[in-house]
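Have a look below at one chain only, the form predicted on its own, in structure tokens format.
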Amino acid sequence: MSDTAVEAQRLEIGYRNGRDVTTVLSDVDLTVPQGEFLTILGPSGCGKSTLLRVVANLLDPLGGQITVLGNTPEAARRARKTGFVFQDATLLPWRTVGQNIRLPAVVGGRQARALPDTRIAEVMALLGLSGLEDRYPSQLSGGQRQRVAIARALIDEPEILLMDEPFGALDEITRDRLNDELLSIWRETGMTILFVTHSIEEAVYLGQRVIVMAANPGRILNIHDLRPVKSDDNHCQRDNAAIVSEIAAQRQLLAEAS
């Protein structure tokens, strides 16, 4: 098994419409080791979400090379090695919490017995959802709905979790709480997380490394290692002077990228 989660070389990403090609992101060289928490920061239109879609095999690259866990993105997706959490929880309103979490098994055509109730209970406990399995999305808060979306993405025990601004629509207090819960899950599972955000503070607080991307053309402007200002297990205090300084530095880079 490869010890690299994602490896990209001269990757070109965009969209084809007949003979027309729109390039969103170009010349991407990136290596993400297994177990890393990588945050991705950049202005709108720079290709942050599009990069995640290529890793998830939701979009084919225009050129270059990319491997996911030493294989193709398609192979990783088919083996259920990647999970995806979107900004909108995208829960089915007519299904209960438990049924929404079980949805990947239903869509994948697996037998119900292939996903035991104990696994549902385990993931719900991990996300602080125990006791809510029979509620419907309309009966949940925004934070609870996002927890359900994360639980659904974790149900197949993926090795890589792709998160596209999952907390962007939440209030600051709820977002901070979910940041801490996500870090706890990451420490417990050891999975690789690629996390897209518009929040500089969130990117610095969560990431072991942070990618700053630029637009027009979309490209990686800088990859910065945050581990020197954090503990070995990625702990830090939001008001720590070194963290505040890092936020200011990334803010300056982002201003140059916009």
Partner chain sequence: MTRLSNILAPICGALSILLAWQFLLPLSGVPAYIAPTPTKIIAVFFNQTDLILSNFLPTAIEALAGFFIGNLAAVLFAILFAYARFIRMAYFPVVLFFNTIPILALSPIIILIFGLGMTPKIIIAAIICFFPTLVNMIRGLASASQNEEELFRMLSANKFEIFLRLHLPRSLPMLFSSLRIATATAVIGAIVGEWIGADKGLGALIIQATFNYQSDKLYAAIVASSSLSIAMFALVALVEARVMRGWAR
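Just so it is clear, the model here is predicted, and its values are computed rather than measured. Residue numbers count along the first chain shown, from 1.
There is also a form predicted in complex with its partner chain; it is not shown, and the following applies to it.
**Q** Which residue, H198, R53, R219, R209, has a heavy atom that falls within 4.5 Å of its partner chain in the predicted bound form?
**A** None of the other options qualify; the answer is R53.
**Q** Of 165 to 173, 125 to 133, 86 to 94, 184 to 192, which is the one stretch near its partner chain in the predicted bound form, taking non-hydrogen atoms within 4.5 angstroms as near?
**A** Heavy-atom contact with the partner occurs in 86 to 94.
**Q** Can G98 be called a contact residue for its partner chain in the predicted bound form at 4.5 Å between heavy atoms?
**A** Although its partner chain is absent here, G98 would stay clear of it in the predicted bound form, with no heavy atoms inside 4.5 Å.
**Q** With a 4.5 Å heavy atom cut-off, would you call S141 a contact of its partner chain in the predicted bound form?
**A** Taking the distances in the predicted bound form, the answer for S141 is no, it never comes within 4.5 Å of its partner chain.
**Q** Using heavy atoms and a 4.5 Å limit, would one call A121 a contact residue for its partner chain in the predicted bound form?
**A** Output for A121 is no: heavy atoms all beyond 4.5 Å of its partner chain.
**Q** Using 4.5 Å between non-hydrogen atoms, is R152 touching its partner chain in the predicted bound form?
**A** Output for R152 is yes: heavy atoms within 4.5 Å of its partner chain.
**Q** In the predicted bound form, which residues of 43 to 77 put a heavy atom within 4.5 Å of its partner chain?
**A** Contacts from 43 to 77: R53, A56, N57, L58, R77.
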